[in-house]
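Single chain ahead, by itself, as structure tokens, in the form predicted on its own.
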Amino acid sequence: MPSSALFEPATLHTLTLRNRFVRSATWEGMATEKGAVTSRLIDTMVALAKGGVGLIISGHAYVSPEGQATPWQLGIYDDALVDGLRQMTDAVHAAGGRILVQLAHAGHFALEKAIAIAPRVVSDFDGLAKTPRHELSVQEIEELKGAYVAAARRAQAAGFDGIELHSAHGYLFSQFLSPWFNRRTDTYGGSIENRTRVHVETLAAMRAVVGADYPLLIKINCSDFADGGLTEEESLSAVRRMVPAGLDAIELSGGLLTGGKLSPSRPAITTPEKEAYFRQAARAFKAVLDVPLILVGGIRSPEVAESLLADGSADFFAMSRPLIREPDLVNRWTSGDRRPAQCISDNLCFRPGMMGKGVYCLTKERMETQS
């Protein structure tokens, strides 16, 4: 075993994790059409646990039917889904792993069959999948918060070790934060305090339900990297308002699903300098926050993660695409094989997911076929 703090047990709120590596929430495309857990999804989670990942965060689970983003996405909007979710968490725990559920609502980016909703209707966003047809009323915001609280209850009942709130990449809670999306003139729009209000109220309501010891995390953009979008300064201000409401840790990401100067997933991460592309923002957040920071975005080698841990830039390190190709990557590194992840960041892994085949590394499959 390598001598490195990366591979030693670490604490995240009340959770003791076997190492500092996190599987960032990844749409697997393996649930049923109604969002129920399948045996293939359970097998995928178990492979990650057996592969050495310290903490697994589930694919984004939609909290209400109109909030579904992608086909075959995991759901947590109905009590009937709890038994399947419990089977998944039991299997992960039996394999020695820990697992959180990520709660989400797609907002603008909902499926065509759903009703696209937004903090406020806008129509001039370059590359937006559709113009939202409905602006949320204050009453509907109350109902939205209620959907998250109900999902939090289901998460606990299903045996998840905690919850992550998805507020990145342009999904609904991200849209509330972004001044480009959010052009409301009421108490949920305008200042960053108002744009953070739905987060603070939702976190406080969930905390009241799950108790003080249950970990509550958020995934948030450090910046939208889009003209008129959320800035790093605003994002940091938002998080500082969320922590007193019950936030235990943040996962720092950035960019929007479409458009903007920087997408959440960069291609061609071929050198250490191209890794951890949100590292500068992470340092700014760590300088003023007392809660742990999980850094996602281009982590490909243990050396880069070690340097960021050593200089205090981040506390935990999340990966998505590398663990699609190598679910046992952390075990490989732990055994002493410290070669970078084999993932070449071509994003082809999501194509089979859109075809109903589940997400997997298409490049690896092609290489094996050719050999």
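All residue numbers refer to positions in the sequence shown, first residue = 1. Everything numeric here is computed off the predicted structure, so don't read it as measured data.
Although it is not shown, the form predicted in complex with a small molecule is what the next lines describe.
*Does the trio His199, Leu203 and Met242 actually contact the small molecule in the model of the complex, every residue with a heavy atom within 4.5 Å?*
No, none of His199, Leu203 and Met242 comes within 4.5 Å of the small molecule in the model of the complex.
*Heavy atoms within 4.5 Å of the small molecule in the model of the complex: which stretch among 43-51, 30-38, 314-322, 329-337?*
Comparing against the small molecule in the model of the complex, the contact stretch is 314-322.
*Report whether the minimum heavy atom distance between His108 and the small molecule in the model of the complex is within 4.5 Å.*
Flag for His108 set to no.
*Indicate whether the small molecule has at least one heavy atom within 4.5 Å of a heavy atom of Tyr277 in the model of the complex.*
Within the cut-off, so yes.
*Is there any non-hydrogen atom of Val296 lying within 4.5 Å of the small molecule in the model of the complex?*
Contact check for Val296: yes, within 4.5 Å of the small molecule in the model of the complex.
*Could you tell me if Gln68 has a non-hydrogen atom within 4.5 Å of the small molecule in the model of the complex?*
Gln68 lies outside the contact set for the small molecule.
*Answer option from Ser237, Ser265, Gln87, Asn182, heavy atom within 4.5 Å of the small molecule in the model of the complex*: For this set of options, the contacting one is Ser265.
_Within 4.5 Å, heavy atoms only, which of Arg195, Arg98, Arg154, Arg300 is in contact with the small molecule in the model of the complex?_
Here the answer is residue option Arg300.
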